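Single chain ahead, written as structure tokens, the form predicted alone.
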């Protein structure tokens, strides 16, 4: 994973929004609950295809719950999520996995499983659980390991890896799966700043070169604004604002969503919003 930024710069052609095809993944009046407690309330969201969407919000705002609803990990209490106009609940699992891939916040792997074996599981939607992988599957796994700097650890067991290496192994699985839509819940967890940027650059490159739709939950507002084409700000289970980062993220929005007084300045590298918390008086 290269540390050089792969996100579109002023010299990188950006698709004309007017030429983008209709959204494939859409939530209609979506209500999600845990144990009878409503967490997401009546969300309408059309995920822009071929773009990077980032969901942000304070702890408990419903951002991870919304992502689980979009990925069919959580069934709606009311409303629905549609993929290409079909209720997500009606799509067969293997067919869904060919189109949509999800990296949850705390994925679990069987004890003793090797890194390459984990990544190879991403190929199951393309060949079935019992079929042996072919050359195309092997190539996909090798490319995914190389992209995440894990080739030297291909034979290691998952439990032997550091938290950051494990996170990259799970990302490699998603890359090997090669879905048209990637959903990632806090993918920068356990990563230091350099590897956070590497991972986000990798996803931005995947989006730009392969047209992969990326939807992810991030905590860092400035990184979210830097990498997002479409920013969704959650508050109390509802969408507070949604749109281009420069149009959405201002001081009023930060205070309303996070209860934080901050200055929002142009990022000196990208011109995207840079959130600088105001200094609180220490007594």
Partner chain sequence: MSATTDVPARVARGPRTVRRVAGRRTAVHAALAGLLLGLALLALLLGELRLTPREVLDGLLGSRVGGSAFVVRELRLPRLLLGLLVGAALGLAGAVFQAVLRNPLASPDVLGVTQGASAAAVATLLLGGLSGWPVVAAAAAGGVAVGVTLQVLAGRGGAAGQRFVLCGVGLGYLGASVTAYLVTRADLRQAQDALLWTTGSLGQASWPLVRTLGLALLVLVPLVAGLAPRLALLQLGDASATALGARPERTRALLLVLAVLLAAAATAAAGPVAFVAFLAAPLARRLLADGSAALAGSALVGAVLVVGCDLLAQHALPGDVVAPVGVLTGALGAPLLVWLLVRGPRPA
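Positions refer to the first chain, counted from 1. Treat the numbers as computed from the prediction; the structure is a model and nothing was measured.
Beyond what is shown, the protein has a form predicted in complex with its partner chain; the following relates to that form.
Here is the short version: of 191, 182, 204, 120, the single residue with a heavy atom within 4.5 Å of its partner chain in the predicted bound form is 120. For the residues 78, 210, 86, 108, the 4.5 Å heavy atom test against its partner chain in the predicted bound form is passed only by 108.
Within this chain, residue 147 is remote from the site of its partner chain in the predicted bound form, having no heavy atom within 4.5 Å.
Its partner chain is not drawn, but in the predicted bound form it has no heavy atom within 4.5 Å of residue 195.
Residue 177 belongs to the set of residues with a heavy atom inside 4.5 Å of its partner chain in the predicted bound form. Under a 4.5 angstroms non-hydrogen atom cutoff, its partner chain in the predicted bound form lacks residue 163 among its neighbouring residues.
For a residue to qualify, one of its non-hydrogen atoms must sit within 4.5 Å of its partner chain in the predicted bound form; all three of 102, 125 and 141 qualify.
Applying a 4.5 Å heavy atom cutoff to its partner chain in the predicted bound form picks out 170, 173, 177 from 168-196, in order along the sequence.
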